[in-house]
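For reference, the chain that follows is the form predicted on its own, supplied as structure tokens.
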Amino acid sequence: MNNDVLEVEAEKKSAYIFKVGDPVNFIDSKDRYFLALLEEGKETNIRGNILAHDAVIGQSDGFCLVSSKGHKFDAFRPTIVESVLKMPRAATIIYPKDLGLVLTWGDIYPGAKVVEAGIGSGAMAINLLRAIGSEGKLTSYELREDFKNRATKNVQIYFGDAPNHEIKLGDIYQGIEERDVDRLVLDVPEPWQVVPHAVEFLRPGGMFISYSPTIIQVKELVDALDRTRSFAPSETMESMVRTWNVSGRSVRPELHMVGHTGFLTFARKRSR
């Protein structure tokens, strides 16, 4: 094995080691998880169970930690789903089930040039950055500075440095500077106002993707897309996820589920 391969393997292994500033999920025996950011000398108190961060820093992902009360807690690096659900919020998040549809049905790919509007708490931005990779470019438009600041912190915490991500304070209803955009992702109250601009800045074959809480918004949007004659027929869907409890002889659906959260509309731009 040559030195280059050894260096790559060492770098991969180091990514599994907890460092100062990393997010961590402490998971108890009842599968409840508690999110924290690792700091030297800091402790997390979970119902009287003191967990020392210094005992986790330098350990590998999946490390088992014993609390001051003698209870075991697993320390895992949070998944992207856990990060989204537990992140500090300045606005309502888009649920992971809907984020997954955006990435797959929206065909978000490595190297894509993506514009989003309505960054909220940054959940969508984190998922988009992972999908487009370091070769892609994400530009996020947001009207509110407090949302921008919260999203910036969340992206830094859960994704790390992202030099290919730019957040702009601006109103996408008035248009944008970018051109030849591959994917447009919207979480705004009136997405139909963006349609005329999207005709100009989306490349041929580019995808228009919009998240809307109500079907009335969807109807207005689809009518606007159709009027331009610049988009192929759109597709609108919603998703519902029901988890199951499987424990011993108890095999049943969970008593609570996340039902309707919103509608997703996808449309491809035609070549003129």
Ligand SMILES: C[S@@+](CC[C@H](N)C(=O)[O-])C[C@H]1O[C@@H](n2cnc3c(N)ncnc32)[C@H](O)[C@@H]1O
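We number the residues from 1 along the sequence you see. Because the structure is a prediction, the values reported are computed rather than measured.
One more form of this protein should be noted, the form predicted in complex with the named molecule, which is absent from this view; the next part is about it.
Chemist: Check each of K86, K72, R144, K153 and return the one that places a heavy atom within 4.5 angstroms of the named molecule in the predicted complex.
Modeler: By the 4.5 Å heavy-atom cutoff, the listed residue in contact is R144.
Chemist: I need to confirm a contact call. Of I167, I157, I93, L103, which residue comes within 4.5 Å of the named molecule in the predicted complex, counting heavy atoms only?
Modeler: It is I93 that has a heavy atom within 4.5 Å of the partner.
Chemist: Check whether S121 has any heavy atom within 4.5 Å of a heavy atom of the named molecule in the predicted complex, and answer yes or no.
Modeler: Looking in the predicted complex, residue contacts with the named molecule include S121, since a heavy atom lies within 4.5 Å.
Chemist: Check whether D171 has any heavy atom within 4.5 Å of a heavy atom of the named molecule in the predicted complex, and answer yes or no.
Modeler: Within the cut-off, so yes.
Chemist: In the predicted complex, does P110 come within 4.5 Å of the named molecule, counting heavy atoms only?
Modeler: So P110 does not count as contacting the named molecule.
Chemist: So in the predicted complex, does any heavy atom of V188 sit within 4.5 Å of the named molecule?
Modeler: Judged by the heavy-atom cut-off of 4.5 Å, V188 is in contact with the named molecule in the predicted complex.
Chemist: Could you tell me which stretch in 197-205, 129-137, 180-188, 74-82 has residues with non-hydrogen atoms within 4.5 Å of the named molecule in the predicted complex?
Modeler: Selected stretch: 180-188.
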